[in-house]
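Following this are structure 1 and structure 2, which are two forms of one protein chain, each written alone as structure tokens.
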Structure 1
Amino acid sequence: MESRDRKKRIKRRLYHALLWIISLVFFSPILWMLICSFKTKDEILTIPPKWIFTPTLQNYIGLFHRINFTRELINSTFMSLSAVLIAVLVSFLAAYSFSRFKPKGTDLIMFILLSMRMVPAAAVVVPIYLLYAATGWKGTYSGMILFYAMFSIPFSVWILKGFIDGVSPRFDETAIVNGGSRMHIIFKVVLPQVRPGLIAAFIFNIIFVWNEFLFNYIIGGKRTITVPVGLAQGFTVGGGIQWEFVATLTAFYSLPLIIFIFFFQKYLLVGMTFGTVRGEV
């Protein structure tokens, strides 16, 4: 019996060790990016790589002294948060309607919503550009926020509908019997029970909007330029690549999202299973 338990412990430790190795392999590019952000350009290009060096903060200081960087960072933060919050709110209300009222053709509508997210971005660039140019939304904050919210809603509806389906309609019936309004049911009864789903939808959408490049480059303007587009436009000087700028900006821009996802990673599994796996959330 002791021998069997010992074998199980060894297998478990080997399994955990393998997971750590795989995680470190996938994390190694991020680690290398962070290390390079504290190196000078000559140290970054040194072959073989220089592992022992004197870290410098000049790259980060220079980053904030670059023209337009602060505005690009504010644009990324403002448009990401605004678009995702709008998308989550609209998706929650739509998901509640689909879950509780079950309009005719709900399954088809849900399939179409999910299919919209599967369409390659390049396939809709031209019609989106023509639409924005014709309506005057091109290069405006409201236009970009509306686009990001529109693009985030379909997948959010899918996630949140799975959560709301898991909330018994008896809660709604009890609230109605006690004189509760529909808004009271939605925001006071149902919403607290699907909070993990709201967080999961927020995480998935913020990842997309925070990193989005193509549409901001095509239908954005000088006022609405975000960090990914700024990186693409400013990483070369005089025909040469500023590797220290690339490493520093990428590390700085990625770190907030990495930290956020690390603390809320348990909600990712819940979101990917559309609320069917709750775990300890």
Structure 2
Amino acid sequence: MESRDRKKRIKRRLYHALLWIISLVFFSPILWMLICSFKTKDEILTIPPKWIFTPTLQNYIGLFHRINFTRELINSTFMSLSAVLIAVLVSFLAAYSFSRFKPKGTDLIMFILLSMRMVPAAAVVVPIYLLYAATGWKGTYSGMILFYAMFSIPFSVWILKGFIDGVSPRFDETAIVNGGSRMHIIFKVVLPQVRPGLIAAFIFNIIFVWNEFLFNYIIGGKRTITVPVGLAQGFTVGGGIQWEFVATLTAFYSLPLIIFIFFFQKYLLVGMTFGTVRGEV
């Protein structure tokens, strides 16, 4: 009996080891990049690869000495936060209306909203570019933030409508009977109950805006440049690709998102399926 138990335990250990190996295999390219970010330029390009080396922080220091990097970073942070916050707020109001009052055309608008997000970015950027060039919004902060907000609205509405549908209208009715105003119901009764939906919408859209490249490249300007665009433009300065720059920037820029998904792992599924699939992961 005892040996059977032992066997079972060892099997379990092996199974756990396998899962960890798989996780590390998936992470290995990123790990390689992380290692490279602590190497000097010559060490990165040494073949066979140098497995043992003295780590240097020089690349990270150099990153902040680049002209524009601080600006790019501030832009990325400021624009993604404000765009997503605007989007989540207006989407929440719309989702409440769609969920509770079901105005005429709800299904159609929900459908078109979703379709717009399924179109290849290059197809969306053509008319937006023309619009922005004609109105002078090209390269302005408000133009970029509102555009990103627009891009975050469809999934936010979908995610939040799903969550509000899950809150029983009884709550609303009770509040009305007790003399609560609609604003009170929306912000004090419903909002706290859909917090997971708000977080999911926030996480999913911030991942998108934070990483976005094409739109900023086309309809942004010098002033509104973000880190991904800076990366695309900076990576071949002075002949040859600057690998230490690519590695360091990627490692640094990805860190906030990695921390995000560590803490908010359970919202990732809801976010990436815009609320249509929920469950434990």
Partner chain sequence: MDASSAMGPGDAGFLTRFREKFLFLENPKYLQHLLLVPVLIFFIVWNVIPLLWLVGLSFYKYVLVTGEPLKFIGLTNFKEIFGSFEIWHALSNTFFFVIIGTLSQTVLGIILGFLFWDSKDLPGRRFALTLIFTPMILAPLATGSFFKLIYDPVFGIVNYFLKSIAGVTIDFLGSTAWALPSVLIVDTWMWTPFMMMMTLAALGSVPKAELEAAEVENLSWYRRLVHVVLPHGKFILMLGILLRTIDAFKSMDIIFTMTGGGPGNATELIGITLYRQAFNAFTMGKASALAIIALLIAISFTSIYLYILQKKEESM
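Small disclaimer: the values here were computed from a predicted structure and weren't measured. The term rigid core refers to the most C-alpha atoms you can superpose between the two forms while keeping them within 1.5 Å. Just so we're on the same page, residue numbers count up from 1 along structure 1's sequence.
Between the two isolated copies of the chain, the form predicted on its own corresponds to structure 1. Superposition on the rigid core between structures 1 and 2 places the CA atom of residue 19 2 Å or more away from its counterpart. Remark: with the core as the superposition reference, the CA shift of residue 259 between structures 1 and 2 stays below 2 Å. For residue 10, the Cα deviation between structures 1 and 2 after core superposition amounts to 6.7 Å.
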